[in-house]
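Here you get one chain, nothing else, as structure tokens; it is the form predicted alone.
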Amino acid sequence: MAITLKIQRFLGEKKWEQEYRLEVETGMTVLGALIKIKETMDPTLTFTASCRSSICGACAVKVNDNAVLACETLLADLLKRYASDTLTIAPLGNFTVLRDLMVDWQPKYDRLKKIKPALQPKTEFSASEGCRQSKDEFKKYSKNSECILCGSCVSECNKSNLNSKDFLDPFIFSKAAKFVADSRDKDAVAHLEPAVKDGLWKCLNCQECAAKCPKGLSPAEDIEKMRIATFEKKMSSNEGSDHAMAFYDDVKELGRLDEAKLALKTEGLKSALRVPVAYRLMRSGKLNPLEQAKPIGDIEKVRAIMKAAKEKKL
């Protein structure tokens, strides 16, 4: 079967889309097709790849606007999914493109250093005895070790797409969560503080990072775990944590949100800046500041669920 690959190409400030027609061989992957194009049609096509075994993460690209690992993604599966004999291949999003499908990782590595991505052993350990921990303690963070730095989570992140200057890349939060959960590390706050400073509470929770990770990791879940850790470590509050506590207090007290007071609980006096918005909501009948919120009928069931969740029984 012959297919058409439309590949977005970049050279300096020049950008164009180039079409290649090729026969799909049995078991051919996206990377296999790119290699065939480079070896038989166009040696100028530029992309990165190394292990061809889903280990190094070097070959991630976007196919029809979805990030995939090129070496493990079969063309036959994509053609069936999109019901078309034409696919568009582009470099990962939220990266600076160096040329064609090759992106610049150096800025990401520089940002990764912010969260101190190395184990800081507790003083009870020694070079001769090593850093020992139980199997259960190891299981708390071992999954995060499977990140291969492919960049798929970054490419799909809606917050990074909106503004990445105040938000670390999703995989960086997962790296930080790994050391926060590691019982051998002596200072979880050293990893949490830079995460808070650079957007821990600004995740949009769209779950795209989890949906596209080829290793089944969930940076969004890691972000949630680190938010909880900031409370457990009694770190200074901020607008994000205050908003979370306002939600928690409302649900515990009423079984639902008291939206008329939510902004005040979250932002304090700053909420006065939202008076024009509140006025428009009142005029449209969507907000009544005089309404006294009352607990729902099953409030005790809600509180029981919250208690069980807090004691990690759910």
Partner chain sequence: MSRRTFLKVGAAAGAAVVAGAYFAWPGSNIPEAVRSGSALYDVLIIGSGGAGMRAALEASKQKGIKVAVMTKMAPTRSATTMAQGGINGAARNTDTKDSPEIHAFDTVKGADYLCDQDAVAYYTEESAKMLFELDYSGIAFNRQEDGRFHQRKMGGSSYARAAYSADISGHAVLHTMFEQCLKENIDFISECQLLEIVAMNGKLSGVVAVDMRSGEMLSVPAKTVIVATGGYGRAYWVRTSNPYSSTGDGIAACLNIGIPFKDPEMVQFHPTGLASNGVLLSESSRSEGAHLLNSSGERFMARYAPKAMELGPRDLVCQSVEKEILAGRGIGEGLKAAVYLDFRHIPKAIIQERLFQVRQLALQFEGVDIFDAPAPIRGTCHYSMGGIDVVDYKTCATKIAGIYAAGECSCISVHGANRLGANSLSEVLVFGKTAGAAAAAYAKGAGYEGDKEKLKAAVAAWNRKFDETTKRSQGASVAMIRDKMAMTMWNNAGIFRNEKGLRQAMGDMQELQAMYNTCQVGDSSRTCNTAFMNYIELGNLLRLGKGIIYGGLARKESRGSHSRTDFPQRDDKNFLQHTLISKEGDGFKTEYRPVMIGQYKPVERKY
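Numbering follows the first chain given and starts at 1. Every value quoted in this text rests on a predicted model; they were computed, and no experiment measured them.
Unshown form predicted in complex with the partner chain; subsequent notes refer to it.
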Would you please decide whether residue 141 lies within 4.5 angstroms of the partner chain in the predicted complex, comparing each non-hydrogen atom pair? yes
The partner chain contact in the predicted complex: residue 58, any heavy atom under 4.5 Å: yes
Just to confirm, residue 87 within 4.5 Å of the partner chain in the predicted complex by heavy atoms? no
4.5 angstroms heavy atom contact with the partner chain in the predicted complex for residue 71: yes
Just one of 131, 235, 228, 190 has a heavy atom within 4.5 angstroms of the partner chain in the predicted complex, so which one? 131
At 4.5 Å, heavy atom to heavy atom, what parts of 1-22 sit next to the partner chain in the predicted complex? List them in sequence order, or say none. 10, 11, 12, 13, 14, 15
